[in-house]
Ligand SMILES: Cc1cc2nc3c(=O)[nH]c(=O)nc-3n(C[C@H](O)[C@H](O)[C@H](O)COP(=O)(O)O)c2cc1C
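Take a look at this one chain, the form predicted alone, written out in structure tokens.
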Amino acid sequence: MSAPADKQAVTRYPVDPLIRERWSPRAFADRPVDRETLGSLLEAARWAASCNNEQPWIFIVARKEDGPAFERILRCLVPGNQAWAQSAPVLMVSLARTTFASNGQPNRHALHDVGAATAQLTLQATALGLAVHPMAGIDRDCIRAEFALPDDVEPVAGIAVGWPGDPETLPERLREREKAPRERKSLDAMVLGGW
């Protein structure tokens, strides 16, 4: 299932359809995501590029049918995200190991690399007809305590995964945002140099 026509990115230059169709909905269908499909998303993340091939990403994953595990992640989202993310069949938290395994020195590229892995996970999901909504709105202290994270592991983002749902199931304020056209800064606003 591709993104609705009004949600597909309008690009100045051609890009792959997966990039045009990827967006971050808040409405999810009441349909589970099986382990094989979820494995495909995580496999895509596993093969992301990383500084020194460190692969500093870790994903905490819970499907709704996992009950308490799902609730542990849900309660560590900010209330505004809990309101809609509770309907997603899968919740994740991305984590970054912030030191290099080889020498214990700080890895200042870890957050970038976790973002790259999440992007690959998201594109794989889009290819399979799933929707992914990454969230900055998480309670990092809650995640750190709930999952007993070591000092060198940093919570990065929450991630809701599922099959696209009906925007009419959302509260009015979120429904309006769900239906609004997608917008981006122009290339000229984000690229420096004489390209």
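Start at 1 and count along the sequence shown; that's the residue number. All values derive from a computational prediction rather than experimental measurement.
Same protein, other form: the form predicted together with the named molecule, not shown, and the subject of what follows.
By the criterion of a heavy atom within 4.5 Å, residue 136 is counted among the residues contacting the named molecule in the predicted complex. The named molecule in the predicted complex is not approached by residue 120, whose heavy atoms all lie more than 4.5 angstroms from it. Taking the partner from the other structure, the named molecule in the predicted complex has a heavy atom within 4.5 Å of a heavy atom of residue 26. Among heavy atoms of residue 107, none comes within 4.5 Å of the named molecule in the predicted complex. Proximity of 55, 112 and 144 to the named molecule in the predicted complex is absent: no residue of the three has a non-hydrogen atom within 4.5 angstroms.
In plain terms, the part of the chain that comes close to the named molecule in the predicted complex, with a heavy atom within 4.5 Å, is 128-136 out of 128-136, 46-54, 64-72, 33-41. Shown here without the named molecule, the chain has only 84 in 84-112 lying with a heavy atom within 4.5 Å of that partner in the predicted complex.
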